[in-house]
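Take a look at this single chain, the form predicted alone, given in structure tokens.
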Amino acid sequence: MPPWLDDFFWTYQNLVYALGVNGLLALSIYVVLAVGQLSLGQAAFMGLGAYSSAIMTLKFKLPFLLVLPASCIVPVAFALLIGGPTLRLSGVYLAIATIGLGEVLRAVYLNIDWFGGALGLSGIPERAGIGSIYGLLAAALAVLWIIGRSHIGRAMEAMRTDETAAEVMGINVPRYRLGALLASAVLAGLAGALSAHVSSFIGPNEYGFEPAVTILSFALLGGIGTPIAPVLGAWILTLLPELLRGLADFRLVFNGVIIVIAVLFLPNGILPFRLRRHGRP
């Protein structure tokens, strides 16, 4: 690695990692929005992945290659547990329910010593890196791109457009809803595990209401026409604080203004294009 590139990486190491992790989180919200569900449990799934991976590493001394896939088991199990009751809801009711579940988990992290309480867990080995983060992000993008162009993607779009009509056409709506929720749990769990193993510290406040809204803003800004769109939105909103470092007190203001402008004038996001699917012009 050239010296200038080495210096650049060490200066912006955390930002480079955050871009990849937030890209995975953007895909986790994309898969549920793609079936027309406003589920905001991604921060909760991320926390489950982060805490489970940290505990496996710190307390059980498991290797990272085993910890990373295992960190998806807990969020997926939680998604299966809540899938039946919550997926009967829709719209703002589903959003409120999933945010509430995330707050319940945050209270658990705060009040149980096993999870470090309010102080969180520190000393987590830095075992993740650019290769694992961006390799998983590229793999997730590729898989979702292929799925989006298939008959599954066509069914997802039909659900998003008119769920009742999709069900009349023979689409198994509950199965697609649950599948999207499980995929969201896997992606957010991986993001949590990777984040924990690059930051060396996790705390309960990282997985509450504010992170859930931030993850949603990735898709609001980028759009959900293609898997790339929310990732682009995540990268813009991740880079924004760095670009506005001189206006530190107004970062959240600029962030909010950009989101409001995008919602008002770009309702389909800054990348409104849709995937070209097989059998369609």
Partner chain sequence: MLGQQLANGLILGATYALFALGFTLMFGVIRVINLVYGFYFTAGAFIALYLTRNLGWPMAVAFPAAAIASGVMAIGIDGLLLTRLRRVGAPELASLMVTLGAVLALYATATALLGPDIKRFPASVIGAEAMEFAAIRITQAQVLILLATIVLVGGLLALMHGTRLGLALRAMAENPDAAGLMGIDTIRLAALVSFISGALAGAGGVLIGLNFNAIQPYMGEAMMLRGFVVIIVGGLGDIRGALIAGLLLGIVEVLTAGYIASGLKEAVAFAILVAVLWSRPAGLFGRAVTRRA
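Just so it is clear, the model here is predicted, and its values are computed rather than measured. Numbering follows the first chain given and starts at 1. Here the rigid core means the biggest group of C-alpha atoms that line up within 1.5 Å when the two forms are laid on top of each other.
The same protein also has a form predicted in complex with its partner chain, omitted here; what follows describes it.
Fill in: Candidate stretches 46-54, 63-71, 29-37, 233-241, one within 4.5 Å of its partner chain in the model of the complex by heavy atom
Of the stretches listed, the one contacting the partner is 29-37.
Worksheet item: Does at least one non-hydrogen atom of E167 fall within 4.5 angstroms of its partner chain in the model of the complex?
Response: E167 belongs to the contact set for its partner chain.
Discussion item. Contact with its partner chain in the model of the complex for A158, defined as at least one heavy atom pair within 4.5 Å: yes or no?
Written reply: Because no heavy atom of A158 falls inside 4.5 Å of its partner chain in the model of the complex, the answer is no.
Worksheet item: Heavy atoms within 4.5 Å of its partner chain in the model of the complex: does G100 have any?
Response: Yes.
Discussion item. Quick check on W114: any heavy atom within 4.5 Å of its partner chain in the model of the complex?
Written reply: W114: no contact with its partner chain in the model of the complex.
Worksheet item: Of F209, Y134, W145, F201, which one comes within 4.5 Å of its partner chain in the model of the complex, counting heavy atoms only?
Response: Exactly one listed residue reaches within 4.5 Å, namely F209.
Worksheet item: Which of I130, A118, A138, L80 has a heavy atom within 4.5 Å of its partner chain in the model of the complex?
Response: Contact check passes for L80.
Discussion item. Quick one: I152, L182 and A185 and its partner chain in the model of the complex, is every residue within 4.5 Å by at least one heavy atom?
Written reply: Not a single listed residue reaches its partner chain in the model of the complex, so no.
Item to complete: Enumerate the residues of 205-234 that have a non-hydrogen atom within 4.5 Å of its partner chain in the model of the complex, in sequence order, or give none.
Response: Sequence-ordered list: F209, E210, V213, L216, L220.
Practice prompt. Examine A262 after superposing the rigid core and state whether its CA is displaced by 2 Å or more between this form and the one not shown.
Written response: Yes, its C-alpha moves 2 Å or more.
Worksheet item: Do the C-alpha atoms of T214 and L89 sit closer or farther apart in the model of the complex than they do here, given a shift of 3 Å or more?
Response: Those two alpha carbons end up farther apart in the model of the complex.
Discussion item. G91 and R175: their C-alpha distance differs by 3 angstroms or more in the model of the complex. Do they come closer or move farther apart compared with the shown form?
Written reply: Closer together, which means the C-alphas of G91 and R175 are at least 3 Å nearer in the model of the complex.
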